[in-house]
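Here you get one chain, nothing else, as C-alpha cells; it is the form predicted on its own.
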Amino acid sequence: MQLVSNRSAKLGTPLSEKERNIVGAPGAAEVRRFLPAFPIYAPTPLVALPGLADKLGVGAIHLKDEGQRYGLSSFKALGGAYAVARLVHEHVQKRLGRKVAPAELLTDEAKAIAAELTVSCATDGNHGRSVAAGAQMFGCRCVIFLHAHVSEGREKAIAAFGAEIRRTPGNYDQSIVEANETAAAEGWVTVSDFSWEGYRDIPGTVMQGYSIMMAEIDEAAPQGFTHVFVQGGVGGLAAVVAGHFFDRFGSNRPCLVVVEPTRATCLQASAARDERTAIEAGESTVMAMLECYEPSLAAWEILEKCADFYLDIPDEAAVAALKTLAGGEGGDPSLTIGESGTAGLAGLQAALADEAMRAALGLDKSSRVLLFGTEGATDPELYQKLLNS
C-alpha cells in the first residue's frame, strides 16, 4: 500500500464554468430539473456508524448507502440512465420542433420517437446496467459490451432490462475500443462514463447525474466532514465528490483520499507522475468495478485541481471491509455493500493502521469521515462467497 499526495501545480485552481456545471451546484440543479422523468427517484440513506467510529478511533463515520438506488443497487444508476434521458430529450425535441418537459419522455409519443435511437457502451457491470435501464424506461434500443472478466450474474442483471449483450475478449479498456468502433460503424450513440480527447460531453453528463447524490449528502449530514474516502476507477465519481467539496468550501474543504485496488492504480500513477497516465493491465482484482487502467480525461482534469491523496489497497482489505459492514459494529446496522463499494472503508482502515499515513492525513479522534457504499450485492452469488470466505 502506498499513499501518494497530489503534487500538481494545478491543485487549488478554480474549476472552470463547464466543470462547475458538471460537479458543482449548477450540475445538481440541472439533474433536479429532470427528476420528473424519474418518478422512482428517492434519496438514499446517509448511515451513521458510531460503533465502527469508536472501534477505529475517529469521531464519526457516515456512509452513503447506494445499494438501494433505483433498484439497481449502485450509484451508477444516477449517471447512465440520466445521460440516456438527456439524449432522448434532445432527440424528441428536435423531432417535434418544440420544447418538451422531462416528464413527457415517459409518454408513448416520446417513446415512439426514442425507438429511433440505439445507445451502447462498454461496462464492468453497473454503468451498463444503468444505461440499459434508461433505454428500457425511455424506449430506445440498447447494446452493451462486456469484457471477459464480467461475471455471468452481472450479465444477467443487464440483460434483464432488454439490452443486447455482446461479449469481448480482454479487459475493460479493450472492450471500450471495440464498443466505440462498433457504435461508430453502426451509427449508435456511445454513452460512456469514460472520456477522452474529442469525447467529453456525454461522460460529463453521466458525471453530472452523480451530483444529485452530493446534494442529498449536504441535506442529510448532521455536520461537516473532515475527511472523505472515495473509490477511484476511471475517476468519475471521485471527481464529482472532490469537485463538489472544492466548489462549496474551497481551501476549507475536507481532506479527500481517492482509493484504488493495488492491482489497478491508474489514478495513483497519474498523481505520482503529475499527468494522466495509462498503466498496463495485470491480474484481475475482486473490486471489479474499479479495475480500470486509464483515467477518464474529464475526471482527471478535475481531480488534479482538488483531490488531496491517492491510496491503494489489496483485495483482502476490501473483503474484510465487506464483512465488517455486513456484521455491524457495536450496534451499527448491518449493511450489504459489495466488494467495490467497500474500498473507501478499506482505505480508511489501512490509513488508521499505519502511523505515517495517519499523521499525513491528520486522522484522529476528532475526525469526521464520509464514505461511499457505491454498490450493494450487484452479483449476489459472489457477495455471499466473499462474505463466507
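These numbers were taken from a predicted model, which means no experiment stands behind them. Quick note: we count residues from 1 along the sequence shown, nothing fancier.
Not pictured, yet referred to below: the form predicted in complex with a small molecule.
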Contact segment among 155-163, 134-142, 234-242, 217-225, judged by heavy atoms lying within 4.5 Å of the small molecule in the predicted bound form: 234-242
is_contact(residue 246, the small molecule) in the predicted bound form, heavy atom dist at most 4.5 Å: no
Non-hydrogen atom contact residue 78 with the small molecule in the predicted bound form at 4.5 angstroms: no
Touches the small molecule in the predicted bound form: residue 122 (any heavy atom, 4.5 Å): no
Contact label in the predicted bound form: residue 324 to the small molecule, heavy atom within 4.5 Å: no
Listed residue (311, 307, 298, 289) with a non-hydrogen atom within 4.5 angstroms of the small molecule in the predicted bound form: 289
